[in-house]
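First, one chain by itself in structure tokens, the form predicted alone.
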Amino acid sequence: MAMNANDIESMIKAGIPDADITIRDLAGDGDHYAAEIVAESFRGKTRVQQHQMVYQALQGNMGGALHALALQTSAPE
């Protein structure tokens, strides 16, 4: 079963409470999303570490209920 954007946002927000999240459904199928996530907690971390934080917040749903998620992460300017 596919995840909806609200579920994805809620999971990320639960794992990264200071995150400002924008999610777009890329294909209209509920399986392919793009997420832009800005969080102070990303400051000083590499892009790989930032993405790992997001994947951890998604609690293993990547590759299962959530087929594809293009990530763009950063600390606030």
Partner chain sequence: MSDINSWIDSEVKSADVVLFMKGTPNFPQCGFSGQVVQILDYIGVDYKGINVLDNDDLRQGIKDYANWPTIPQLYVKGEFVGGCDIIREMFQATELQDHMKTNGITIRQEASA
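Positions refer to the first chain, counted from 1. Quick caveat, the model's predicted, so the values are computed rather than measured.
There is also a form predicted together with its partner chain; it is not shown, and the following applies to it.
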Notebook entry, point to check: Are any of the heavy atoms in Leu71 no more than 4.5 Å from a heavy atom of its partner chain in the predicted complex?
Noted result: yes
Item checked: Close approach of Ser41 to its partner chain in the predicted complex, 4.5 Å, heavy atom -> no
Check: Is there a non-hydrogen atom of Ala27 within 4.5 angstroms of a non-hydrogen atom of its partner chain in the predicted complex?
Finding: no
Notebook entry, point to check: Quick one: does Ala14 come within 4.5 Å of its partner chain in the predicted complex, counting heavy atoms only?
Noted result: no
Margin query: Going through 32-53, which residues have a heavy atom within 4.5 Å of its partner chain in the predicted complex? Please give them in sequence order.
Written below: Arg47, Val48, His51, Gln52
